[in-house]
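One chain comes next, on its own, written as structure tokens: the form predicted on its own.
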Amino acid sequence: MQVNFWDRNQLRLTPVFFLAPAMLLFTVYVVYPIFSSLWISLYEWNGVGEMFWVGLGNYIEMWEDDRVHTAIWNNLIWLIFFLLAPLISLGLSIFLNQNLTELRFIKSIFFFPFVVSPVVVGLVFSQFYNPEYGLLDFFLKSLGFQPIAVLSNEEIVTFGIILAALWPQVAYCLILYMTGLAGLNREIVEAGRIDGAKGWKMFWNVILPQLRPATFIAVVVSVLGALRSFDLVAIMTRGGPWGSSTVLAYEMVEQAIFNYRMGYGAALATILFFLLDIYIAWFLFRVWLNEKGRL
């Protein structure tokens, strides 16, 4: 009996057919835009007219652009402060991980920012920072201080936006840690108690090692969130005042959409893409080492 091609290669071809639709969509909506952005970054283009080849001109200009320097510095500040989110969430999760009926409502309050749209968060904090009728103004006046126009002050505007962004970020990390605490190995905890571990020793030697996966994910999403920061900057200040609160993601949109410099915006997108890629590659390498049991 003669065996046809399909019968001979069915096991090999079946995965190909299953993966083909997803790979096609991935190629069209992810791979092609990446290479298209790389190509556009080598041109000066307003998005509709003729494209003029400038080679690395956009990257050279970016190297000398003060707004880009400010954006990179602000991204670094975002990164430093966003790494506080896992620490704050860890402390809150330890406090909230108690079987008390009174804490159920409090838990819902802490989880609430996670389900709120970033647009709402930005609008809420914009009103909170309002120097005329915001809650911050009310608290300062009640303490005898003058109101502070947070979003109009070049020195502190970035920190004000970061504070707003930390609100939902802490809530997200809190969910990770609460899930991790719910999955603790009770036998290991009881063994620690039998051996006399309690308080800080119990937390450091028994609880924290079991929260390592949650900590790893919390740090990863915090770093990515800091590097991708855009929405709150766009909603609260639009990069102002005078570009003092801009970040790479917002500067990319500003140049490409509002200044009609698609090539320069694509160059900024390329730099941000490579920064994210470096971190994602490190993350995947750590996951691979963990699966191999080398961590």
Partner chain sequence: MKLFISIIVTVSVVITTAMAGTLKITQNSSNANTQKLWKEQIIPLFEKENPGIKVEMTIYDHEAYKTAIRNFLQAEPPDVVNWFSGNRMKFFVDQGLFEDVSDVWAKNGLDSQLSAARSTMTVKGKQWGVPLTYYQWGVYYRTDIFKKYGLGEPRSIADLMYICRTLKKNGVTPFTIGTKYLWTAAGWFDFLNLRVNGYDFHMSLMDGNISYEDNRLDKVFDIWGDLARKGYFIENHASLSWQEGQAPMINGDAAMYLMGNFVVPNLKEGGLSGKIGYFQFPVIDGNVRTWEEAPTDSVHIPTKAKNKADARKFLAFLAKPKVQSMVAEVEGMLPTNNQSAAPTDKFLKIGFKVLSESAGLAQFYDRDTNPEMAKEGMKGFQEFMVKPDREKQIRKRIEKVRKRIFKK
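Since the model is a prediction, treat every value here as computed from it, not as a measurement. Numbering follows the first chain given and starts at 1.
Absent from the display: the form predicted in complex with the partner chain. The rest refers to it.
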>> Let me test this: is every residue among G49, Y133 and E154 within 4.5 Å of the partner chain in the predicted bound form, going by heavy atom positions?
In response: yes
> Quick one: is P241 in contact with the partner chain in the predicted bound form, heavy atoms, 4.5 Å cut-off?
Replying inline: yes
>> Within 4.5 Å, heavy atoms only: does L56 come near the partner chain in the predicted bound form?
In response: no
> Is there a heavy atom of S41 no more than 4.5 Å from a heavy atom of the partner chain in the predicted bound form?
Replying inline: no
> Taking heavy atoms and a 4.5 Å cut-off, does A269 contact the partner chain in the predicted bound form?
Replying inline: no
>> Can you work out which of I188, A149, M202, L83 has a heavy atom no more than 4.5 Å from the partner chain in the predicted bound form?
In response: A149
> Across 245-265, which residues bring a heavy atom to within 4.5 Å of the partner chain in the predicted bound form?
Replying inline: E254, Q255, A256, I257, F258, N259, Y260, R261, M262
